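Given next, in structure tokens, is a single chain: the form predicted on its own.
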């Protein structure tokens, strides 16, 4: 027997916690089941070497939904920022580093023409990014309309685009499917500037600068805001786990039960309706509704099972592109590293190794053939410079996203991991001579590691590639784009749903609204 208005949420990641909190506030009795020993999913802070703590996968906050942050009172539940406006420093070997913030050049040898072009480019991209941001909190439109009510989301999107004005509307529609390489080549001259902007368009994606729709992924990345600043990058005090700790505290305050160490083996179905879950140790828990924060393939093909789905729908889910292409590097350092040309203050900013746009494209080329980059691109932070609780006195933590590292590596990661780590360290050594001698412990998480440690199919932290054919009404697949699945009583709320990946909480909020409105 299942208790009326009871809900089980599978997975205590940020979206699962947000969804659970909103449902509890709407009068539901909610239990969140988490396989790991702590809530947070891939957005946790953990010790990876004695005395050294690091954000496990996600390491910079830039997409957290301000509505979720405000409505759930995350500041009151402990969320604070060690730094809320990181500048971006493009490292370039022998050239002077280039320091960027928004549409401004803070330092670097850049022509007046490029400075002016950057201001215009940033203003235009932010305008288009705000249009995308307005869609985040909306349930996506349906592909087919049964009523005028069904058509309203599509009409809202069309109206938003029309409000850009004729000139900007045409420009948005022109740019949306373009590659970032062509856009940067037609506007800028400085190689470091183009490299930094190109990396922002492909970070975390299976794309290179010349890949179609990399402009759209750049806009998506800029669609977030921190403290009202569009595109800002923040370091939460205590690491990314501080965000999910605050979400867990908000959930518990709303009456949500959170049960860790409870790995779900399968979703139970009776008379065509989801009615609970079975845990790996055999325990069965009943519920009126089940909401999965796991990725769509794990949720629908593994936990539910294709036998409960129509063949065409199951095929769409199976064909979802969700193979990760980015690795995460953690270094426990015995002292403060020195990067070429950087001051002590600049060392604490966001550092990029993407000297030019062609370097980024060359780094991507091996991934097309299932090989890792021998000269990878990196997004680097030293969070302990702002947050001393992450490392012992006199020591530092380095955290970096490294591309490209294909999930389906030719020869396998058991063989390739050590060679890839050596390539990454060699790249770091070029820009920070002597850093290798400071390393007391190194941890490299490949997409395969991310899959195994955090239960994310393919190790893709967005739960599916960010591409035009996997956005909005098509995310994750037609037939599940409005959070409800074809199985009655079963919903999705994770990053594989609209609006997508990143530590946002919006998908959880949207799913809760759909459920509360008629689930």
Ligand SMILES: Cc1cc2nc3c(=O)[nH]c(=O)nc-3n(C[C@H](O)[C@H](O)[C@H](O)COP(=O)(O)OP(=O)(O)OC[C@H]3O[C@@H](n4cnc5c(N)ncnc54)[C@H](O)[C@@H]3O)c2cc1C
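Positions refer to the first chain, counted from 1. Quick caveat: nothing in here was measured; it's all calculated off a predicted structure.
Omitted from view is the form predicted together with the named molecule, to which the following refers.
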Checklist entry - Exactly one of 490, 480, 30, 33 has a non-hydrogen atom within 4.5 Å of the named molecule in the model of the complex; which residue is it? => result 33
Next on the checklist: Counting only non-hydrogen atoms and a 4.5 Å threshold, tell me whether 10, 262 and 298 all contact the named molecule in the model of the complex.
Outcome noted: yes
Next on the checklist: Can you tell me whether residue 461 touches the named molecule? I mean in the model of the complex, with a 4.5 angstroms heavy atom cut-off.
Outcome noted: yes
Checklist entry - Just to confirm, residue 502 within 4.5 Å of the named molecule in the model of the complex by heavy atoms? => result yes
Checklist entry - With the cut-off set at 4.5 Å between non-hydrogen atoms, does residue 54 touch the named molecule in the model of the complex? => result no
Checklist entry - Any chance residue 511 has a heavy atom within 4.5 Å of the named molecule in the model of the complex? => result no
Checklist entry - Pick from 155 to 163, 129 to 137, 286 to 294, 207 to 215: which stretch has non-hydrogen atoms within 4.5 Å of the named molecule in the model of the complex? => result 286 to 294
Item to check | Residues within stretch 485 to 501 having a non-hydrogen atom within 4.5 Å of the named molecule in the model of the complex | outcome: 494, 495, 501
